[in-house]
Each structure stands twice: as structure tokens, then as C-alpha cells.
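Heads up, the chain shows up twice below as C-alpha cells, two forms, tagged structure 1 and structure 2.
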Structure 1
Amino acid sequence: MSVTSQHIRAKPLWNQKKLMPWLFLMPGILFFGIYVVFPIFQSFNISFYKWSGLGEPKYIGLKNYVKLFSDRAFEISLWNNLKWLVLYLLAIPTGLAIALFLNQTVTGIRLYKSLFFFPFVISQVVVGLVFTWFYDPTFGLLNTILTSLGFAPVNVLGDPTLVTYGIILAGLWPQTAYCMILYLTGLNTVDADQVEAARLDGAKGLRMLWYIILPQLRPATFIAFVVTVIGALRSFDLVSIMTNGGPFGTSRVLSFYMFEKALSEYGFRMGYGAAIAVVLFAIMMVFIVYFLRTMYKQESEPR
């Protein structure tokens, strides 16, 4: 009797198990599909049109992309993105250095760690404002310090050759804090026995760091690399707040230039903006694929 009742129950249970995941997934897929996945394809499509946002879009094939090649502003933005990408990576070693500095157990260290992490929690808009004032040529703290040391004052955000570096430095501030916290958590898991054994073998300082500690910190380094690259390519808030792309458009990055073109006060150019977005998306995709591949390898390992 009990056998048959189990048998009867087994079938709906099997059905239920097949249907269940889809029921649970539906709201999430619906939202994500409508607002994230589908718009990506729409943007690709819009990039083949000339469209002011109002009225009928006009199909112009690859013309938007052809125009990008001779667009000096696009070229500058692309170069600036490269600068962001390379220099932003400095957040990783700097974050590691601060983490090593703070990885002690003295009184009050917890508070110090939190205070060092502080810049990451506040919005980039505020970080931008804070640094704009910091760089200000008339009263900024930077120039106050420079002139009191006998140097000539510099107008960081007004100088086309310096401006992008000035903004990147502002961005490095919260990003370094993020990397620091990743490494601090990572350092907690470092195998103490291994460190002691290496120490007995006479390893210390940089050799210890390179051969014993860093290999164990690989998961932290991986995440730090991914979030830093994504952060560098996503940079928008700081440029928008600190310089609005200036002076003379020299601090634009792709994300900002796209926004400017698509929603500028001189008329919306949605198609051209979409084409810029597609280029940025393609660059980002390289790193996304790398991230997914690494995840896929981890998934393939037995759990």
C-alpha cells in the first residue's frame, strides 16, 4: 500500500520539479529581459538609423560607424578610456599596499579599516565635488599646499594635458578603497601554517609576499581586476561632475560622449549615440567574456 501511494506521489512531484524552476525564474527573467537583455539588441538596431528621438528613424546602414572614424571627439574619448583602463589598474597594487599596512591587530584598527574604506561608500558625485574643490586654482587645498612649498600653482581641471589624469586620480580614491577591502578579506584566509613554515625557511618581505602570499590571494586579485576594469570603462559620474567633458572636450570618455551626443541640448542624435555605445559595449564584452570563461571553469569543477 505504502509503495503504491509513493508511486502515485512521485509523478506530480517530478512534474512539479520540472516546472518549478521556471515559475521561480519568470519574474526575474521578465524584468531582466525587458530592461536589460532586449535593450542591448535594440541599441544595436538603433545604431543603424539616424534618429532624433522624435518622428520616424531613417535607416542609414553603417554610416554612423563610418562617421566615428573621422570624429576627432570620438578618438579623444577612446584614448581617454584607454588611459582610464591602464591607470585605474593602479588601484590594485595600491589597495594591496594599504591592506598590508592595515593588516595588524592593534587597538582601534577596525575603525581605521572602516575609515580607509570610507571613500568607496560615498557617491561618485560627492567624490567629484570634493576633488573639484581640492583642485580649485584659487582656494583648492592642492594649490594651497603647492604654493606654500614654493611651487607654482596648477589648474589641474583647466589644463587639457592634465585634466584626465586629475579625474582618474579622483576615481582611484574610491577604487583603491574597494581593492583594499578585497585584499583585507583575502589576507584573513591566508594559511597561517604555510606562512610560519616559510618564515622558518627564511622567507620574508617581498619574497614572502610574491611566492607565498600572492598566490593565495588570487581570488581577491581576480575580483579586484574585474571590478576595476568595469569601473574604469563605466566612468561617467566623475567626468560629468568635475569637467562636463571639458576643457574643449579633452576629458571626455566614451560613456560621457555617448550621453552628450544622444541627449545633447543641440538636438538628440540617438543613432550616433547608440553607435558609440555599441563600441563601448564591444570593448567591455572582451572582459565580460574573460570573466564568464573563468566562472565557467570554476563551475565545471566538482562542487
Structure 2
Amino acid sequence: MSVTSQHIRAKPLWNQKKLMPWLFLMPGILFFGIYVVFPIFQSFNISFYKWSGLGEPKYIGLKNYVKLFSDRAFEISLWNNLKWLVLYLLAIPTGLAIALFLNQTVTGIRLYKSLFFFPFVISQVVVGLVFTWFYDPTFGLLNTILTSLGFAPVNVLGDPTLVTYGIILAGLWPQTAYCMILYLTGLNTVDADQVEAARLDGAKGLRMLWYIILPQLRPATFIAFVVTVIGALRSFDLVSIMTNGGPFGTSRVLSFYMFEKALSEYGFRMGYGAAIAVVLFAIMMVFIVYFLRTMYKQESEPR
């Protein structure tokens, strides 16, 4: 057989290897384009209009964005999102600490793992209801404990200064469980030879953790950081379930305020809601681009 005939027969196989992955990806790409990418561009377009969702939209340019700067409710929502972003990151070190504990061989460790894993498998609706009952000023467990210790009862969800922190604490419960699972998976891939060599060199405790364990957990930390930040920025479920934005709108976040303006009973300001969505999307894009650049640099580093 000649070299030319071998090349002709090999070419269709080479084409199949290049084409088949795209054929498998095509349905996912199609759905992603229709249900994610297209609505994003549509939101950008609607944000330049005044529109109630019915009738003909009226083009108003950047007026929706200009109004955001003088909107007190938007300012409160943005500030609350910042609180979520900062405090939600506590899930990462807490999840790591729990994972390190659960990675030990102690009696009843399977029961402990089940208890810590439980918050991850329940829905945000259940989490919201559980913590609403927990904070209840009349029969909630929190105030039962406080009164038994001689303290006055606290209405967490009715206090404008405490409500956001109470909701964040509720969100940290399942988020910590998720970070714990990531770190438990990462601990299973830690190189035992490196750990043993470090022990022979006298490393233990915090030094072992900082110089040997944590560098090998960098992929798990990266994923935990990405998921936690995105979860903090799109925090809608718990706010809606536990307070519906109250009291007096002090627990609003951007995603909930967008819903209020665009789709709630007192809203139907589609253009203004779309402008809020664009601002939230821009904030998310800052972090997503940073994460992607960091991941690309890590992947391109010589091993």
C-alpha cells in the first residue's frame, strides 16, 4: 500500500476525532446559548428602555443607570451584597477545619460525617424555614437559650441591624458543608510520601498544614472560593424565604431588589430591573474573569 493511500484512509479518521467532540457538545452549547447567553444580551438591551412588560418599550438611554446612583434601596442592596461577599468566605476556613477533623480515624466518624454532610443535601427553602424557626422571638431555640442564660430575647429577623447577618449565618450552614466536601475530596489526594517526609523532618501541626497540606489543596481551595463568591452574589432564596426583603427593605440584596422591581406585585419596571441585573452581572464578571485568569496561569505553569 502506498503512502498516499494510507494518508487518504487516515484523513476521515482524523476528521472524526476533531468533529465528534463538537457533535457531543453541540446540544449543551445550543441550550446554553438560547437560555443563558441570549437572555444576557436581551437584559442589556432592555436596560436602555422604560417598559412594564406589556405594550411598546420606550427608549430612554442611560436613565435607568443614572437613577441607580440616587436610589437608596439600591445602595442598601449593594452594601448587603458586600456583607454577603465578605462574611460568606468564612465557609472556606470553617469547611477546611471540619474536613481536617473528619479526615481522622476516630470512633463514630461516619456518624459525624453524616451530620456535617446533611445541610448540603437539603434545599435552601428548608434551610430558610429552619433558621426562621430558630430565630423566632417567641418559641425559637436561640431565644430559649438566651433567656435560660439570663439575657433578653432578640428578634434577629425583625432588627434592621441584625437581619442581614442572621440570613448570612443561615446561608453559611449549607455552604460550609459544601466546602467541607471539597476539602475531604482534596485530602484523599494528598501525597502520603510528602507528609511522611515532612514528619521525618520534624514538621507537625500548623507547619505541616501550611507548608505541606494546603499547597496540595490549592485546587479544592480555588473551587471553594469560586463557588462561595458566586453563591454570595446571587443570594436570593434565603432573603425571599426568611424576610422577603424586610424589615423595611434592610435585608435586600441586588438579586432580590431586581426581582422586586421587575416582577413583583409592586414592580413591573422591566428596564430598571434589567439595569440592576446588568450591574450584578458586571460584578460577577469581575470575579469570573479573575478566577479564569488564575486557573489559566495555574494550568500553564510548568510541572
Partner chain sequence: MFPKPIHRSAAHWQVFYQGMLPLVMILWLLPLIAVAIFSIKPAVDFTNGNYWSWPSSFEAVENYGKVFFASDMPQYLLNSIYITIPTVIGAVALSCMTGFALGVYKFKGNLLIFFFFVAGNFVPFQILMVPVRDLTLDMGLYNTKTGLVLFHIAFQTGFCTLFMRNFIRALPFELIEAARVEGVAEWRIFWFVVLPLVRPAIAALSVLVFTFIWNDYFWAIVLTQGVENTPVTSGITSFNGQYRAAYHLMSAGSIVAALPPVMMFFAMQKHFIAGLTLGSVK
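Keep in mind that what you see is a predicted model, and the values were worked out from it rather than measured. If you superpose the two forms and keep the largest set of C-alpha atoms that fall within 1.5 Å, you have the rigid core. FYI, numbering is relative to structure 1, first residue = 1.
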**Message:** Just to confirm, one of these is the form predicted alone and one is not; which one is it?
**Reply:** 2
**Asked** Does superposing the core leave residue 29 with a CA shift of 2 Å or more between structures 1 and 2?
**Response** yes
**Request:** Inspect the rigid-core superposition and answer whether the C-alpha of residue 295 shifts by 2 angstroms or more between structures 1 and 2.
**Result:** yes
